[in-house]
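Have a look below at one chain only, the form predicted alone, in structure tokens format.
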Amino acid sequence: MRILLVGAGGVGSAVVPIAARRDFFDHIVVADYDRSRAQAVVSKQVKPGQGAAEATSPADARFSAIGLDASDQDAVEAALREHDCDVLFNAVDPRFDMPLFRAALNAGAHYLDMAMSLSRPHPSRPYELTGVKLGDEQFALSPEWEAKDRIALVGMGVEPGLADVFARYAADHLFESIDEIGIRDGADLVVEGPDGEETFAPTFSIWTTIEECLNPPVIWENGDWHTTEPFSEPEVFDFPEGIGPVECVNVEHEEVLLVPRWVNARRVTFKYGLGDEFIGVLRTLHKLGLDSTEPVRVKGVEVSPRDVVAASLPDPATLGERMRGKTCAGTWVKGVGKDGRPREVYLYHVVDNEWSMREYGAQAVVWQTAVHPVVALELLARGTWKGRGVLGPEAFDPVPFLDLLNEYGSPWHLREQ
């Protein structure tokens, strides 16, 4: 397997050291708009004192770096062909999904991403009805992927990704019928400022966070999708391993669009533990129009307000040394168990920032997002996961994935509620 990894930011830079410990691939080409950033990621995988271009051992030679504009579909197709890559791994913001998705399709490569094509709210009733849903553009092209006998594995990060694998596992092995599947994400992470005090610094891409948190959240209920207002239906969820109670609110997320395609459940939701301060910042950005992606002219230069916000905040990949705490991703399921009795469980995965920094040099949130697509790629390379067309994580047997995740040294857990 030869992989074109597009994006050397937080998640992309965490993917490389995770993959470097495995032997399922032949080569990974790390591509980024800023070639020096891609080169820096690759250089960390070679022997001390040796440049990437001088690497001689087989392990060192498995990585290379190139410059690439993710928005330039023709250039991405050319890179796939030039480097003989049979998989495109999309590790950039979802605004670039479709040019990368189409490039892989045209070049005859398999495709994997961690966030699906973007939504567009209903034009007149955005907080009641769906418009263009997350992933709609990708699923519309599924017949073309099927015709080429290729897989486009969409939403294969942690949330979406592992959370979807948990949903399929619960349906297959734990429940006779499911009333509700609720993805619940919470953390007790804090970021210290230069003065040692806690500071505001998002631990994941602020561009993506703004997109998913300010769009109308989607809920699956009784056989159809509908929307609600941002930050609706607050609830306190008790997260494991010392994180404790965190207030979670509805947020637009891919799991709600993916799970019902393969798993039978009356209701599916996604709720995120954002916190009052973060919600307040997001509301202010929206009120001031700083969440907009439409360019405005400033002193003769056109720039997107959201890009300015992103550029003004620290890169999440650089926060690890200033972070402490744990992050938890998980899937809460309620229904009737295999024994015919009511059952309620929470399947979850926790990463401690101290551990991820010590073991991989990556902060907890980006490492947790990065490990799961690597596990999925290994299953595809082995031929354990097979298929064709546009598929979500729920389309595959969850047991090999969860077993391999344990082998990666980052076990998952199940808690009876």
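Keep in mind that what you see is a predicted model, and the values were worked out from it rather than measured. Numbers for residues come from their place in the sequence shown, where the first is 1.
One more form of this protein should be noted, the form predicted together with another copy of the chain, which is absent from this view; the next part is about it.
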>> Although the partner isn't part of this model, could you tell me whether Thr284 comes within 4.5 Å of another copy of the chain in the model of the complex, counting any heavy atom of the residue?
In response: yes
> Taking 4.5 angstroms as the cut-off for heavy atoms, does Phe200 touch another copy of the chain in the model of the complex?
Replying inline: yes
> Is Val298 one of the residues lying within 4.5 Å of another copy of the chain in the model of the complex, judged by heavy atom distances?
Replying inline: yes
>> So, Pro240 and another copy of the chain: in the model of the complex, are they within 4.5 Å at any heavy atom pair?
In response: no
>> The chain here is shown without another copy of the chain. Which stretch in 300-308, 240-248, 225-233, 98-106 comes within 4.5 angstroms of it in the model of the complex, by heavy atom distance?
In response: 300-308
> What is the one choice in Ser312, Thr318, Ser71, Asn264 with a heavy atom within 4.5 Å of another copy of the chain in the model of the complex?
Replying inline: Ser312
>> Considering non-hydrogen atoms and a 4.5 Å limit, which listed residue (Ala75, Val190, Ile219, Leu290) is close to another copy of the chain in the model of the complex?
In response: Leu290
